[in-house]
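In structure tokens, one chain follows: the form predicted on its own.
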Amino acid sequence: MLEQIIAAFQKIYHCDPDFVLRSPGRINLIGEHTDYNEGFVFPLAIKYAQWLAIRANGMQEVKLHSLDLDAESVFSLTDFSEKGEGWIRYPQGIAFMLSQDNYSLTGWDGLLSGDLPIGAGLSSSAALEMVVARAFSLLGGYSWDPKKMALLAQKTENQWVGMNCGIMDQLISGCGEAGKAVLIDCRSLDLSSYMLPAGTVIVVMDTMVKHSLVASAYNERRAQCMEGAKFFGRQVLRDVSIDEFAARKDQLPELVMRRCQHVLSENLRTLEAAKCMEENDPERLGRLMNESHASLQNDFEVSCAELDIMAYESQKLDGCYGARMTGGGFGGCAIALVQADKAECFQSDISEIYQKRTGIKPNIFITEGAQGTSVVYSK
């Protein structure tokens, strides 16, 4: 991939890049729709990423060519009065938020490419935001703080793009660890890394049903969670105990009650998942994943027919400990915790079953934890 990026940059800009950077996408083992409730999540940076080659241009503008889309766009670093459309709004939004925090902005020419599927629920937008933030830090001469930049990227999503996401996607893209999943406390941003149970792998199963969270009911779910927290006199659901919820849940509107029930139970499942990894217990971890999917399907209602087929058919297969949807929902990917020595057969079987039931050929791959945002080439 590196050689391809450099060659493409040379062809378009007729010079070598100063740097090539990459920032990975992610899956989430467990802990869905808990991040914006200041709860716990358990993501894993994956092997697929957004790649960016850059060269300082000495101007107050960024020129960015998307190799995958065969598109080019330019935006000013001094005038943010007009928002770009489509993919360019993410890099432009990062530049705007950096300027608002008084970071110096240096113009550059860039080539963007990646092997991260767009719209698959693997956080391609967060990876794009983080790789662009890294580019500005390199050329602007300021130190790279992935936690701080993840917060800035989240602000970009919330205030510039209009997507009220939590911090998980940007933080794991910036702070991922090779070979490990990372438990994140979304209030303190404390990180704890864990190895998967011995002899297991994560199989990622793209349903090929694209989702668009900005146009979906994602923001509606967040508002319902806030309504629930307000009922209990709290800012976020993180601060509501499961006992307090059980005692008063019948006083909540039924829909809000189910949203709260998912978040509170999911936080407990996520913390228990860490114990499963410490104790090398794949069976219990798998059951927690199964419970998580059912909760997302029934209480939070962010699954879809294709995700349900992928998850429940996976759970039936030999060698699978557990399976669930991953990401915001409404399409995208499911994941399965599978015995490593049975993973190849599992991939073949679930692909055949899913295609037979839906008429859709899925994209299925094995992944392990990958390093977060990094510089992979410097001139």
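Start at 1 and count along the sequence shown; that's the residue number. Remember, predicted model here, so these are calculated numbers, not experimental data.
Omitted from view is the form predicted in complex with alpha-D-galactopyranose, to which the following refers.
- Of the stretches 310-318, 33-41, 63-71, 334-342, only 33-41 has residues with a heavy atom within 4.5 Å of alpha-D-galactopyranose in the model of the complex.
- 166 is the sole member of 110, 91, 146, 166 with a non-hydrogen atom within 4.5 Å of alpha-D-galactopyranose in the model of the complex.
- Although the partner is absent here, residue 322 sits far enough away that none of its heavy atoms falls within 4.5 Å of alpha-D-galactopyranose in the model of the complex.
- The closest non-hydrogen atom of residue 75 lies beyond 4.5 Å of alpha-D-galactopyranose in the model of the complex.
- In the model of the complex, none of the heavy atoms of residue 136 sits within 4.5 Å of a heavy atom of alpha-D-galactopyranose.
- Three-residue candidate spot 22, 176 and 377; no residue lies within 4.5 angstroms of alpha-D-galactopyranose in the model of the complex by any non-hydrogen atom.
- Along 323-337, these residues reach a heavy atom to within 4.5 Å of alpha-D-galactopyranose in the model of the complex: 327, 328.
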